[in-house]
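Consider the single chain below, provided in structure tokens and representing the form predicted on its own.
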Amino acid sequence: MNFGFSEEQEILRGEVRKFLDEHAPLEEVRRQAEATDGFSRELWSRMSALGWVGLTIPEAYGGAEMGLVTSVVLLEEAGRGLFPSPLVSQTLAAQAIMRAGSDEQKQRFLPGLADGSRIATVALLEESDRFDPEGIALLAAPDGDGEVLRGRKCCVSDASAADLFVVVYRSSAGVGPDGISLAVIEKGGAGVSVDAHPSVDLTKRVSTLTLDGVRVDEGIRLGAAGSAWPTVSYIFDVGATLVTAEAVGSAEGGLAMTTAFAKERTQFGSPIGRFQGVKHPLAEMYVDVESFKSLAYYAAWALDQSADDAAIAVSRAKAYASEVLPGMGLQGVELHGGIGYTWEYDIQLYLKRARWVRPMFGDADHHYQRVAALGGL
């Protein structure tokens, strides 16, 4: 296919890059990553006012009503400078509510997500670390006309900053897709607690969400009890695509930084970029970035179009990215020499982002196996 971004999308790309270059250079990113919140709420508010936070939310609820391809443009630029924000989490939570929520629930939750006044995330994983129905073990206990949740969700992105959690759980015991439910749970409610834990990438905060006697009724459950697996599966695909899109930007940012260093650093009276041992790895890194970039673009387009091959397109993109990104991060650090491993040099931040991306929404092994299964192998 002949894929190209629209003029409007290219204008957005330019505006996002200009905004982040001005307000979030790497020195500022470091400061934000080490702060309590892990991101700048001031910049979040300014991005919300520009309409970037609610890109995919319908206009009826205050959003811009654009597709995932447009979100790819935004996240690619955010990834280029390792910009810390809950953009991916916010988009996933909004997508879940848009697909599974009632009109009343959409009116209740989406406007606050569109204008950035509320932050939301999705709680998918548990201790099994599985991305299939068998990985959902959090079982609700019946309680009158509602349900009660007791358990934990692991590795919840941006949970410390979130006001809302879209939680995946089971309404009935079993191991298959039947019985999977979704509910929107508010922070601060009885029995809801968040425990942050360290991450290899300071710009990406993760936490454990504990639910101790949290009641779920029809007002906060998205759709009928036990009917949510199609939405959960879709959210998994969207998450894998958006993380890959953000990784495109971070890979390009790391490559640009390493290339600039190779042009400036001299050895034996010549820039090291002239040596085959340096320029060949840089060329291979460029090819890898362009390859999974095109796969990510197609995956986002396929999801927007509800194409038959959307799931396999997502897995191709995430598998390739997860496989090559850690190696690219190491190459960038190694080509900087010994200083590349020091805290003062920014290239090590890109290695850490690559390490964070690899397992998010499935690593290479998971997605290669999924490609084989979807292909009938």
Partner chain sequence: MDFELSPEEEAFRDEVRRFLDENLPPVEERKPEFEGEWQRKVRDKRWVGFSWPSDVGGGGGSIMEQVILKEEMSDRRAPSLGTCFMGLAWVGPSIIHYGNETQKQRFIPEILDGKYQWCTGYSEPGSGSDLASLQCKAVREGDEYVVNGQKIWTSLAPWAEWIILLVRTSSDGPAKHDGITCLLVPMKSPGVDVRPIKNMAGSAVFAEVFFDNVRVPAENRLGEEGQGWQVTVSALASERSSISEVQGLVRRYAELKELAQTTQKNGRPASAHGPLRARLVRVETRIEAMRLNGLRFLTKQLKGEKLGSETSINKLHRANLEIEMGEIALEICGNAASVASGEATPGGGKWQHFSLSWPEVVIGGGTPNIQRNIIAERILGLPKD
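Residue numbers count along the first chain shown, from 1. Every value quoted in this text rests on a predicted model; they were computed, and no experiment measured them.
A second form of this protein, the form predicted together with the partner chain, is not displayed here; the remarks below concern that form.
Heavy atoms within 4.5 Å of the partner chain in the predicted bound form belong, among the stretches 160-168, 221-229, 81-89, 265-273, to residues of 265-273.
Contact with the partner chain in the predicted bound form, defined as a heavy atom within 4.5 Å, holds for exactly one of Ser233, Ser117, Ser294, Ser102, namely Ser294. In summary, among the residues Ala137, Leu282, Val200, Ala307, the only one with a non-hydrogen atom within 4.5 Å of the partner chain in the predicted bound form is Leu282. Among residues of the shown chain, Ala190 is not one whose heavy atoms approach the partner chain to within 4.5 Å in the predicted bound form. Looking at Phe131, you'd find every heavy atom of it more than 4.5 angstroms from the partner chain in the predicted bound form. Looking at Glu290, you'd find a heavy atom of it within 4.5 angstroms of the partner chain in the predicted bound form. Interface residue remark: Val53 is not counted as part of the site for the partner chain in the predicted bound form, having no heavy atom within 4.5 Å. Using a 4.5 Å cut-off to the partner chain in the predicted bound form, not one of Val243, Lys352 and Phe361 places a heavy atom inside that distance. In the predicted bound form, Tyr368, Val371, Ala372, Ala373, Gly375, Gly376, Leu377 are the residues of 341-377 with at least one heavy atom within 4.5 Å of the partner chain, listed from first to last.
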